[in-house]
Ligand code: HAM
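Let's start with one chain on its own, the form predicted on its own, as structure tokens.
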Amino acid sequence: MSKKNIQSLRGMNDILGKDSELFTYFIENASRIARNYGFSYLETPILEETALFKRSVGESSDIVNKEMYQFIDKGENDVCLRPEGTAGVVRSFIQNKFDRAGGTYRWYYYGPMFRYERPQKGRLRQFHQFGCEVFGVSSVYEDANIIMMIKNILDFFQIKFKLQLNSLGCPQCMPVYRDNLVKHLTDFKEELCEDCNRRIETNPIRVLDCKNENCQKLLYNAPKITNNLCAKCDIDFVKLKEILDYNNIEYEIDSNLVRGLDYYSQTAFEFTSSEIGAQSAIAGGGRYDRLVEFLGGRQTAGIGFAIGIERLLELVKINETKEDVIYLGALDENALNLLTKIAIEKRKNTKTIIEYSPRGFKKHFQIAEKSEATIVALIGENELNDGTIYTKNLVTQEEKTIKIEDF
């Protein structure tokens, strides 16, 4: 009786082949751009205490209510697979006492996140994010800097986008707006969906984020947060728009943009693409000046963003200027030791592949072409005796036999 093959879990995919090439290309270049902006790499655990996300993301959010992979481990700890990256970075910031040290900190990260959602195009249960977080800078210029950095990343990969912008106010102006919104929603509460009715009681601002078409129609005339900002928030929002205008960055004001997480305040933004269907958000973030304090640290300004990598892969265009790939092959078994020595030197600067089985001339070329090599280099008995190596450039078709030290 044959055993059933074990498959990957629904919504959790392997990354290989063309996707692997695009994935690593994205990570390498997004990381390079982040370093150019002064960010350094940070990695947090995939598994965290559930309380971290309940306190940061918010118990009223769909992530905490419906989507977390949560369980009790063997030590009776309530843990979950991280559904997003910011909370873990903030936890690390506080745990390592950076909030007490003061100063400015800029970190970038990437890795898998987990949400139990209905899998569909651009939305998986295990997905990957690239994100950046900044602590200790309250200037609206940093908000603009973050937005320009995302634009820089998307421009590099030749991804077209639209930028949507909003301000969510602060502890001074948000409560007044929240009360106005609740009064407005109460008039047609029974017509709203079940989730919206729950949100009115827990976090009414998130009603604006509802994707239900009927709810969106009912919300058309809802009060706008941008009309209810306090003097400071209004000045900051005007300044942010001024900076973006000065740098020729186009944007649209979306007064219903609240993002899906409870920790945002003031600046909120989202980058969307019309090239990937209904799941059009490809990057988003905002300011979270109260989050460090919410999680037990000293009050510290913060702002960050995350990019959904899987949603971008089909849009990423690889620069066609390809680097050389060297294929090393032995025509004689006695050449193998020498080839490994050559490979050590070549790999310092060039991708190099070795075929360990001695083969005929024609077979080596067949394997080299499948490996997408640009240069074939072979050593046989004659080359060993002469201290030479045969090479052929598969792009220019140039063939030559040269001294090994010259190669």
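Being a predicted model, the structure only gives us computed values, none of them experimental. Residue numbers run from 1 along the displayed sequence.
Keep in mind that the form predicted in complex with the ligand is missing from the display, and what follows is about it.
Chemist: Name the single residue among R91, R106, R206, R115 that comes within 4.5 Å of the ligand in the model of the complex, judging by heavy atoms.
Modeler: It is R115 that has a heavy atom within 4.5 Å of the partner.
Chemist: Only one of F237, Y264, Y327, Y110 comes within 4.5 Å of the ligand in the model of the complex by heavy atoms, so just point that one out.
Modeler: Contact check passes for Y264.
Chemist: Among 130-138, 150-158, 193-201, 217-225, which stretch has residues whose heavy atoms lie within 4.5 Å of the ligand in the model of the complex?
Modeler: Contact-bearing stretch, as computed: 130-138.
Chemist: Would R82 count as a contact of the ligand in the model of the complex, using a 4.5 angstroms cut-off between non-hydrogen atoms?
Modeler: The answer is no: R82 has no heavy atom within 4.5 Å of the ligand.
Chemist: Please determine whether G169 contacts the ligand in the model of the complex, using a 4.5 Å cut-off between heavy atoms.
Modeler: Taking the distances in the model of the complex, the answer for G169 is no, it never comes within 4.5 Å of the ligand.
Chemist: Counting only non-hydrogen atoms and a 4.5 angstroms cut-off, does L244 reach the ligand in the model of the complex?
Modeler: Judged by the heavy-atom cut-off of 4.5 Å, L244 is well away from the ligand in the model of the complex.
Chemist: Taking heavy atoms and a 4.5 Å cut-off, does V258 contact the ligand in the model of the complex?
Modeler: So V258 does not count as contacting the ligand.
Chemist: With the ligand taken in the model of the complex, which residues across 283-312 come within 4.5 angstroms through any non-hydrogen atom?
Modeler: Stretch hits, in order: A283, G284, G285, G286, Y288, G304, F305, A306, I307, G308, R311.
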